[in-house]
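Before any questions on binding or motion, here is one chain by itself as structure tokens, the form predicted alone.
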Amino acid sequence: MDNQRLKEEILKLKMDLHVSIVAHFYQKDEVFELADFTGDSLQLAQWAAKDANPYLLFCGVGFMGQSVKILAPEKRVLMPKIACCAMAKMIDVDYFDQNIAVLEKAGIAKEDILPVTYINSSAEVKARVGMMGGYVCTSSNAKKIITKALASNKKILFVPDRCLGQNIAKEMGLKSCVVGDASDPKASDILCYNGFCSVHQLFDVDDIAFYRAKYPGILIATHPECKPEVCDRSDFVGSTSQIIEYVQKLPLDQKVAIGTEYNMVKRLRKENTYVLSSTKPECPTMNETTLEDVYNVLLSIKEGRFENEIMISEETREWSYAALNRMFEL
């Protein structure tokens, strides 16, 4: 089937079966254009949880589909491809516990640690954080969540993205370290797990220097998952949604180079917009989802097979919801 025919079949099945489709900003255009709602990971989860249709097709990566199931356990959530976010894959409950053990060995008692997990983590990790009284955060509200967590007078264990943790610490005038490096964790406020986003690691200070030299007056906008030295030299640092808002408010004649995923950048503006990298910063797992995958999962709903359905144990859901809900309460 060619793409046009696939799209027609998908739209028909979607309507007949009462299925809603959501797609993350980083999805391919052909998939992105089919969605009833588009956004970043938290926006999608919140919208999907309130959606009236019984079936949800989530075009993104695994932890995002899990977030919907955490918030709306009665909804049947399926994914065209259960792609894995590389950052989320860098931490599981065993690695989490190992980091706690490293900190205990360094002289910090477990009861003096309050974990905060970036939403880019599995339901199991969120549950572990929930059990310890911790919070989930997003890139847009991390500062607010960490400010609240610090009121506990505990050390903040920030997982899994070290860059986001380091950038927020610098912004707040706090000291951070990466767990397991040569630093004394007792001397730091925010203890960062050694994880990262493989896409946002592509951006470098040399890229910024190149664009500033080539286009005097250009603005640089980056995501806080970028390296601290890159964010330090940027004109604007913000979440996916915040970058979109920032760029859309710029005059069309204002040149801007953006340090985030390629699919989103190319959709922002056609004029005077550049990708802040000499290589194509395309998320490989976000780009796994194809039109054929979308069609096949819809067909599985029609036939009662329910391929790639997201399932979470009730205990994991309850504890991960606790961590998410602490964020919502703020």
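Being a predicted model, the structure only gives us computed values, none of them experimental. One rule holds for the numbers: they count along the sequence shown, beginning at 1.
Omitted here: the form predicted in complex with ligand 13P. The next part is about that form.
Only one of Q166, S122, S234, T240 comes within 4.5 Å of ligand 13P in the predicted bound form through a heavy atom, and that residue is T240. Note on the interface: of 208-216, 181-189, 222-230, 104-112, the segment with non-hydrogen atoms within 4.5 angstroms of ligand 13P in the predicted bound form is 222-230. Within 4.5 Å of ligand 13P in the predicted bound form, a heavy atom is found for all three of H24, Y118 and H200. Within 4.5 Å of any heavy atom of ligand 13P in the predicted bound form lies no heavy atom of D293. Residue contact check for V265: none of its heavy atoms lie within 4.5 Å of ligand 13P in the predicted bound form. At least one heavy atom of M64 is located within 4.5 Å of ligand 13P in the predicted bound form.
Although the partner is absent here, T289 lies well away from ligand 13P in the predicted bound form, with no heavy atom inside 4.5 Å. Taking ligand 13P as it sits in the predicted bound form, the stretch 135-160 comes within 4.5 angstroms of it through a non-hydrogen atom at just one residue, S139.
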